[in-house]
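This document opens with one chain alone, in structure tokens, the form predicted alone.
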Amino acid sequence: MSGTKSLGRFLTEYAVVIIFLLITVAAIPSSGLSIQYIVQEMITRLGRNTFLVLALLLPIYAGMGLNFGMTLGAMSGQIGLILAINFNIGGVEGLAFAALLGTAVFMGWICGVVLNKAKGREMVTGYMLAFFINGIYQLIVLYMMGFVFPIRSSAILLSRGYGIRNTLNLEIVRQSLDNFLMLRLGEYTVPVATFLVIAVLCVFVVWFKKTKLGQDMRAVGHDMSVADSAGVPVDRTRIIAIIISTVLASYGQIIFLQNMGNMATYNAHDQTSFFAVAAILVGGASVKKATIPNVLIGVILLHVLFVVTPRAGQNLFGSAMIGEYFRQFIGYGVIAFSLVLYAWRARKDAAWSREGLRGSSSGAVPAAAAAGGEGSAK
């Protein structure tokens, strides 16, 4: 019976990973893509997306769930890139300049304050807050830049003289970080500098969890009332978690866009949180628990599927759009499925705990009776 329970726990805990692994294995032969091409794409996409997904970890540790408010950081990073292009600062220096101006401490503080007012509903609140801030972002970029805020580069302005063009060419910073230290391993190219930045963030996360603030976040994530009774400043700790996550998201968006080489000014940030959340959930994380391996596994599985499904759709159904529709379905579907699975798993764990308590109490009754019998015999 215990073996069956262990198997059940394993299957429910890793159901999303198993399902995506099976779908990926089934889709690769249908795509007709070579293993070499897929591996190179995975190396590129790991460098492009991992930093963004890692930005989700700290709010999960603090019990705030999946930070859909990371879109605020993405918008801040994009404004930093716009200003770097405006001042014609290219290369790694341009990325550093964009990161400096796009550091989203204020945005993170706003997000943290709002989420503290909506305890228990952080995810949907962060999602709605991103919509609200997106309106302000559109107002600034579409009307105020060039009209209220001076823009010296006419190449990035709309023909009317104010507002930023729909698509910006990021040629002056394109793959600056990737090419800073590029290594060729046989047939593959590895952006070593990008992976070093990601490794530094992983080390920071591991170190941060061991600090006093990191322990406070874990305590708050485990039980806010107990943490408050122990003297942990709950609201302040939660705000710090969101601030760090939002700042990291702004840096992650800059890394993502420098790899792409262009930026859709008005909607490049729209799917940032959805695909980051989908990736970490595909890796086996949940609303309450996530690790660095979850991030790496999720990015690989999700993006292998993103690479192979358009070609598989073309080969199987004669239309690559089938694969594109499937890609969108995956992004939204995995979030819904994971949240439903998390709720079901929480109920199942509670049921197993109750069964364990009943088993221990029923075992205690015969023991007590036996002890009583021995006493009467004496």
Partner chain sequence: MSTEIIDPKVATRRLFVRSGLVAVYFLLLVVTFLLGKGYTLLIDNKDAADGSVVAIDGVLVSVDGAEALELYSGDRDATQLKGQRHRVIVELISDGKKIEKSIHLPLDTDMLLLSVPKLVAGIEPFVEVFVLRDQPRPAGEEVGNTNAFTSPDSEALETVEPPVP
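Positions refer to the first chain, counted from 1. Only a predicted model underlies this, so the values are computations on that prediction, with no experimental measurement involved.
We do not show the form predicted in complex with the partner chain, though everything after this point is about it.
Student: Thinking of the partner chain in the predicted bound form, which stretch from 91-99, 299-307, 255-263, 192-200 has heavy atoms inside 4.5 Å of it?
Tutor: Of the stretches listed, the one contacting the partner is 91-99.
Student: Among I292, I239, L157, I79, which has at least one heavy atom within 4.5 Å of the partner chain in the predicted bound form?
Tutor: After the contact test, the surviving option is L157.
Student: With a 4.5 Å heavy atom cut-off, would you call W109 a contact of the partner chain in the predicted bound form?
Tutor: Judged by the heavy-atom cut-off of 4.5 Å, W109 is well away from the partner chain in the predicted bound form.
Student: Since only the chain is shown here, I'm wondering whether R174 would be in contact with the partner chain in the predicted bound form (any heavy atom pair within 4.5 Å).
Tutor: No, no contact at 4.5 Å.
Student: With a 4.5 Å heavy atom cut-off, would you call N169 a contact of the partner chain in the predicted bound form?
Tutor: Because no heavy atom of N169 falls inside 4.5 Å of the partner chain in the predicted bound form, the answer is no.
Student: Quick one: is V205 in contact with the partner chain in the predicted bound form, heavy atoms, 4.5 Å cut-off?
Tutor: Because no heavy atom of V205 falls inside 4.5 Å of the partner chain in the predicted bound form, the answer is no.
Student: Though the partner is not shown here, which residues of 120-159 have a heavy atom within 4.5 Å of the partner chain in the predicted bound form?
Tutor: Stretch hits, in order: Y127, F131, N134, Q138, L142, R152, S154, A155, L157, L158, S159.
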